[in-house]
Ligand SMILES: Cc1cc2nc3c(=O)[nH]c(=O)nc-3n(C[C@H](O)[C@H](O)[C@H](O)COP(=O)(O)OP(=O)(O)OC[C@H]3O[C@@H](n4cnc5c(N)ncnc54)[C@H](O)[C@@H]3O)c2cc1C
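Next up: just one chain, as structure tokens, the form predicted on its own.
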């Protein structure tokens, strides 16, 4: 933990932010040391709630001179300890920079501050016929989604956060304010600095404003549920659906254990067998039914037991809400336990292999584990519940984590498909990136030579 703030430092922060936007109180500090990961840290020396780019620029320039660590904070929904202050210092809580600055439907664009929550953004866009389609499940802030390059259930059709960020205002570690990107729909002008900052988890600076590209709200949506006799045939169907270019908007794989919990928690009556939840978006009901019929043929060729589509709107929303609530459902089913979440991704053709491998690893280690994932883009999750104070039990959870990640890397995949590196995935970075991790460190050292921006993340 870093050194506590001096009396003089506290006075300076109080002068700038006042007692309503700067606190060293235990309640404020302790609210900023927990996300949904099992990682635990000591409280920061203080919390600041800025309201403008200029305030952040002044704060970071001062903190750079004072050599105070800075940890940006959004909604606290991260799963790898990404926003936790591992070296004390100041947490910069961005949730009061929460304005939608401009909606430009003629350009399919919106300007936002980083503290805007995803659902609130789409609520304000609801009258425009447009929406921000990246859906990580949790109601994250836009700044947090940019920091982690969040994606989610609709990535297979709509892409990840990086595909929607056009321009950003960023405050660098020494307080310098820069703008990267532009509002044109394409550019060949120099290095793509925007992509450097997206997914950097606040280790290179703080995003204070962003221009996002939007999509049109789909006129028609069709959902389907498909059951299979085993995981292998279900995941093979995923590769077939994607390989034939049917372009589902979402394609989720669920296993028996999670379906049992969902039935119990949500009063559902789903068949307890490996299943796919599919959703298709299109301009007409007729075209969607044609796509659904072709998907049915492909699933049946892979051994599907049942294929139900044309689900009504209420049932569709209920099913997806149950899927979105998977982590909460698992957490409630194991009171007194913490969860460890595996988040890896592989090429679509290798998805069947990694799914079967992960399910077997859970059984072999005898842990409470649930395998599911965003099958349409090769993203697998294993959510495990255990007691961190029980060293043997937690060791088995970590064994599954290592086995699945190492298998994903063996299959030319990644150690983190959407949750970011944070604290939990640092140990896999050299294994995945090899010599290129050295270049990443050089970039970090060039932009943040004092190592003050979200220290302890990405790099060991």
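From a predicted model like this one, the values you see are computed outputs, not experimental measurements. Residue numbers count along the first chain shown, from 1.
We do not show the form predicted in complex with this ligand, though everything after this point is about it.
Contact annotation: this ligand lies within 4.5 Å of heavy atoms from the stretch 195-203 in the predicted bound form, the single such stretch among 344-352, 195-203, 234-242, 294-302.
Put simply, residue 369 is far from this ligand in the predicted bound form: not one heavy atom of it is within 4.5 Å. Put simply, residue 138 is close to this ligand in the predicted bound form: some heavy atom of it is within 4.5 Å.
Although the partner is absent here, residue 36 lies within 4.5 Å of this ligand in the predicted bound form, judged by heavy atoms. Looking at residue 425, you'd find every heavy atom of it more than 4.5 angstroms from this ligand in the predicted bound form.
The contact residue chosen from 251, 380, 207, 90 relative to this ligand in the predicted bound form is 207, the criterion being a non-hydrogen atom within 4.5 angstroms. Of the residues given (163, 328, 260, 176), 328 alone sits with a heavy atom within 4.5 Å of this ligand in the predicted bound form. With contact defined as any non-hydrogen atom lying within 4.5 angstroms of this ligand in the predicted bound form, the contacting residues in 150-182 are 150, 151, 152, given in sequence order.
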